[in-house]
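What follows is a single chain, given as structure tokens, in the form predicted on its own.
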């Protein structure tokens, strides 16, 4: 059961924090559709791990994945993204506040829906500037007319309200202050990483039942053990980077601010949930169509195969962007005509996100269906399948017991490979205006917002850089992890 520690830790931490928040403060929990589906996916992940541990063959295959150093490193990175998305999937509405800023405990709640992640990074959520500011800047990006103390007016760059507000008027100390904050974050992150890795080393030694002197061989991956040192090193680097980032974010805007003065680093963190929702929920919707139709087409052949081939060939002939745009526009008309169905703006944006996942799932199952059809045509000719048919075994039993286990490696490889493509698809669709709701945080909306600013002088480049950096790390980690999955599960690669 120790393999369940990571997903259970994510799920239980999220639930515990949400229960603590709802118990300590006067808040109203909000359950969005995508929140429920994301939690369901975490439970499915736990169930999948239990099933893997119950099968010796599956354990051996996944042990090959875990023995890969790249697989271990990318798994830690993806787990951090999943943790951020899980914390951002517990939503609630705080109590409404009066003019004095004190909470009213009379059953009235704010229309703003926030998450547990917002509580953890509340300074980034609240510190709004007036307009654009560059990364680590202490003044606005554009000049404005400012009334001086003597009543005169000057056109200059005004000081930011939060970014660098702790510094004096002279900016000579900004470089020293940034270096000092980086050093503080690095030391704090290193100490925390050493403590966590030390606890992990003790757990590994206790599980392996070895002496302390033999522990170095286990951690370095010798003797057939897992490369724990890679996982600990990757986790340590991530912890140090997080500590440094939040030490800097407490005094500066790391990636600057956007047109309305919102912190771009905050937008990038909030966009993680949208990207993972697009990548995972679309797969959840697409998989039943592809699996059922692909197996039916390859196994039954005949007119069933002809109908299914005609179906996905026709669907492939329709431009996907046009189909998605038409569906999104229909949803917008429906929501505009039924505003009473959506209590908050977050509910409207979440419904559009869920609908986009459904449309992407309906339009993206054809490729996997074609692969499964071809593989099923080959598997159904195997001797044991023909023998089962001769003995009168039912078609459903043959498909579930003999055909499906032999094509699941294609399903798993395709799902992992398609994840990064779906994350990039959200950015492209939001860029052309048919993606997620403009009020929802996403890397596509950030890129779309930065598109027009690249033509101004001076150029506002930091929103594009922030979205590119976070998306690049996620897609690169997913692609590297998918390569490891392919090498472990593809029989040809194993041979």
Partner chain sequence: MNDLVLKVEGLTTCFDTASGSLYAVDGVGFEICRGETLALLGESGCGKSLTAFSLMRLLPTRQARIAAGRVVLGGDDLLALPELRMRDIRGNRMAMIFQEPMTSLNPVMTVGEQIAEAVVRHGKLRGRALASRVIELLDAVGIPDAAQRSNEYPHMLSGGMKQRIMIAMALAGEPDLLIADEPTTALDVTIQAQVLELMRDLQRSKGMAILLITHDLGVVAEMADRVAVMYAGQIVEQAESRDFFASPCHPYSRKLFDSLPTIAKRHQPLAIIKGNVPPLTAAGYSGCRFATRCDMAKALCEGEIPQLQDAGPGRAVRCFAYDDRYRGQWGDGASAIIPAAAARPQQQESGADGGLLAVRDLKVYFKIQKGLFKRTVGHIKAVDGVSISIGRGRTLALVGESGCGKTTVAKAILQLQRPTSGSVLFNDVELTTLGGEALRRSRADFQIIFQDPYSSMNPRMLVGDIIQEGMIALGVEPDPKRRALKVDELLQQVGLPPEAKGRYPHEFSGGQRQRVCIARALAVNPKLIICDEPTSALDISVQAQILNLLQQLQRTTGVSYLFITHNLSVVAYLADEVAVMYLGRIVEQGRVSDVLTAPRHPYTQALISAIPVIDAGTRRETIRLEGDLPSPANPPTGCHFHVRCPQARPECSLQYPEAAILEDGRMVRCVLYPRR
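Quick caveat, the model's predicted, so the values are computed rather than measured. Numbering follows the first chain given and starts at 1.
Note that the form predicted in complex with its partner chain isn't included here; everything after this is about it.
From the list 77 to 85, 172 to 180, 380 to 388, 341 to 349, the contact stretch for its partner chain in the predicted complex under a 4.5 Å heavy atom rule is 380 to 388. Residue contact with its partner chain in the predicted complex: residue 393 places a heavy atom within 4.5 Å of it. Contact annotation: residue 58 falls within 4.5 Å of its partner chain in the predicted complex, judged by heavy atom distances.
Its partner chain in the predicted complex is not approached by residue 130, whose heavy atoms all lie more than 4.5 angstroms from it. Proximity of residue 406 to its partner chain in the predicted complex: non-hydrogen atoms within 4.5 Å are present.
For the options 259, 159, 229, 401, the residue carrying a heavy atom within 4.5 angstroms of its partner chain in the predicted complex is 401.
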